[in-house]
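Coming up is one lone chain in structure tokens, specifically the form predicted on its own.
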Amino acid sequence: MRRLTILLFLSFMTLAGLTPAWAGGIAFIVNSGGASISVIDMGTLKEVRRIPALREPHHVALSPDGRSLLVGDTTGNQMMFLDPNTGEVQKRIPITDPYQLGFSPDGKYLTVNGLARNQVDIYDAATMKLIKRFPVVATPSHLAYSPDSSTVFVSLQDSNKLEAFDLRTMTEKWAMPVGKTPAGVLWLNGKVLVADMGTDYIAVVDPADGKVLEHVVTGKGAHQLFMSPDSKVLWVNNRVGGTTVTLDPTTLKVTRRYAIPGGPDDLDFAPNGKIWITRRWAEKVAVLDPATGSYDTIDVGRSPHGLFLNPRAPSPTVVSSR
């Protein structure tokens, strides 16, 4: 009842033109099952607003100019553009099945994976014009680029493959088996890492031909991979096993393991050293202190998935539109 009262109050403030001030930047949590985006005050770890989506949002990407946070609404076939400093909706445009999305390092392309429609779409990042559509088999999930933006690598969950696309010629380069139900993809030290959700390991792949060079065991249901901002720690969320592990990025040896129940999925790094982790099956976000292993819990919407932290967002003044 108390939670409902808070949400009704926040909804009233939004309708009245009032914006709650935050203490330490804002975090955006995408609630896939709740058709919404929770806006969290990073200073108080409290939800200050809930932005309605159309049907089923999943992942986010910050535009190259930093002015828009894109949220893909898959079954809604819509891309939302949010102000990353305030959470205000800038616009909504029709996009087919935008599940995972990401901008190339040079800012030229936006790749959008259509998970349900088995397609990988390449857009001009500046105009959002569709340049090329690749039909794939099957279920394109996550993606990563080569540092020179010449290639995008896409995991295909239901075919157990990783596929590479040449962005200079807009052609398919190769599609190779990498393990059961591949999900997260990351470029690291000249190799491509793929988290195989149907196993307990990540696959180390040669980007030239897609051959698997080795397996690195991290935990059951290895799902997503993230490099720390200082490039000294590799983080892997094992969604089925309910653990988050750290690895040495040079040796790929596991250095520490944290228990994060409820399906740890995506994560992001706060300037204070805390790690924010969405717990896909728990309607919660964990804010982990990696030094102690303890974490704070934030209640959000159903099936929290993608997230984005903006610790430098200016604190707004509470104003009325009347």
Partner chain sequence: MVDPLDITAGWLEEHLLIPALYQVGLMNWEDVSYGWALFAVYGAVQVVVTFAVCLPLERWRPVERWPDSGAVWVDVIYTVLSRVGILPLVTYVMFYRAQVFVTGWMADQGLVPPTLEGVFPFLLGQQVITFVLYAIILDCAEYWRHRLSHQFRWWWALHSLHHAQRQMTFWSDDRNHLLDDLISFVWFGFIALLIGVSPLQFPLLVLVLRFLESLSHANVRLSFGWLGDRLLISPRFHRAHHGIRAAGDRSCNYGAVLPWWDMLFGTADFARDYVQTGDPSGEEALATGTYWQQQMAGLRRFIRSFGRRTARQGM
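Remember, predicted model here, so these are calculated numbers, not experimental data. Positions refer to the first chain, counted from 1.
What comes next is about the form predicted together with the partner chain, which does not appear here.
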Report whether the minimum heavy atom distance between Pro207 and the partner chain in the predicted complex is within 4.5 Å.
no
Taking 4.5 angstroms as the cut-off for heavy atoms, does Met176 touch the partner chain in the predicted complex?
no
Gly273, heavy atom within 4.5 angstroms of the partner chain in the predicted complex:
no
Please run the contact check for Glu56 against the partner chain in the predicted complex: heavy atoms, 4.5 angstroms, yes or no?
yes
Let me test this: is every residue among Gly66, Asp124 and Leu188 within 4.5 Å of the partner chain in the predicted complex, going by heavy atom positions?
no
Among 105 to 113, 164 to 172, 246 to 254, 218 to 226, the stretch whose residues bring a heavy atom within 4.5 Å of the partner chain in the predicted complex is 218 to 226
With the partner chain left out of view, which of Leu267, Leu288, Ala35, Val48 would have a heavy atom within 4.5 Å of it in the predicted complex?
Ala35
Residues in 267 to 289 close to the partner chain in the predicted complex, defined by a heavy atom within 4.5 Å, in order:
Arg280, Trp281, Ala282, Glu283, Lys284
